[in-house]
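Only one chain is shown below, in structure tokens, and it's the form predicted on its own.
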């Protein structure tokens, strides 16, 4: 078990502030570090890996400083985003060199395990110059795993992976999280983080914008109207009732293509409702339908995806 802490950390490069007064804590399991390109994710990953000192604040692993602490490096594995590698050596030799740098008692056995774990056995003897982008990603992951670290930091690890490789890596990271490792995955791909991580930390413009599970983050956005899609037995009557209750700022009847505008029931039509008070809307809607004898066929949030959360946070 390992706990990685970032305490009021900032990092600037000249006049450019890459990370601004960020505090986070990472424990066992998979945590997603989400944000657009330029949000400060890579800078944060490099500070957590001990490759970059904070300009202010502290990064610690189980209360020990990470920067310039050689003993800590045995407990951390890093998969950087950059692709610079030693193209003239084979994948096996590249991983073996890292095993030897860590002073492992049986570097060859550790290398074999790491290469098998990332599914790179067939290509291990080939020079890295012949590797595809996805194979390079797997070779970097093998070097990060060769010393069996407690903390694994991955910066955009799914770049260049084909669908089969992506599924394999996701399964591997989930397993590591369940085993008690602290796994931190940085990504700007919303679907990756939503599918993989049990906890999400959102970075926007160098700042820590939100923290928690996806639904926890969504609940923080009380000032943003929530979108709902509703199908009912009488959409027009229900729309009028919702508007009269004033628990929605907008209600739109969406008809299927080719449908007329004459009154009547169409089960293919939907209501798009923008609820200003979610709690009130969820409480009032069943009462409105029941009192008017309107059957509800579907009530579903139209914006309960990580993409909507992310778009909101970026726009704030």
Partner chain sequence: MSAQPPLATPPKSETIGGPFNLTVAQLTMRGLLGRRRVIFLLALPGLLIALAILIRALAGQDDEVTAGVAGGLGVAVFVPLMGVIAGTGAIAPEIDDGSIVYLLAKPLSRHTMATTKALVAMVTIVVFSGLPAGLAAFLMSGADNDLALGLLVGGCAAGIAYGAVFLLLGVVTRSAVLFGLLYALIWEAVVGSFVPGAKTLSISQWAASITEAIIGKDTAESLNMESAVDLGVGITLLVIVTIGATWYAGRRLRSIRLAGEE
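Numbering follows the first chain given and starts at 1. These numbers were taken from a predicted model, which means no experiment stands behind them.
We do not show the form predicted together with the partner chain, though everything after this point is about it.
In the predicted bound form, the partner chain lies farther than 4.5 Å from every heavy atom of residue 30. Heavy atoms of residue 160 never reach within 4.5 Å of the partner chain in the predicted bound form, leaving it off the interface.
Contact check for residue 245: every heavy atom lies farther than 4.5 Å from the partner chain in the predicted bound form.
Proximity of residue 228 to the partner chain in the predicted bound form falls outside the 4.5 Å heavy atom cutoff. Judged by heavy atoms within 4.5 Å of the partner chain in the predicted bound form, the contact stretch among the candidates 22 to 30, 280 to 288, 65 to 73, 246 to 254 is 65 to 73. Only one of 104, 209, 237, 190 comes within 4.5 Å of the partner chain in the predicted bound form through a heavy atom, and that residue is 104. 78 is the sole member of 135, 78, 204, 217 with a non-hydrogen atom within 4.5 Å of the partner chain in the predicted bound form. Contacts between 166 to 196 and the partner chain, taken as any heavy atom within 4.5 Å in the predicted bound form, involve 168, 169, 172, 175, 179, 181.
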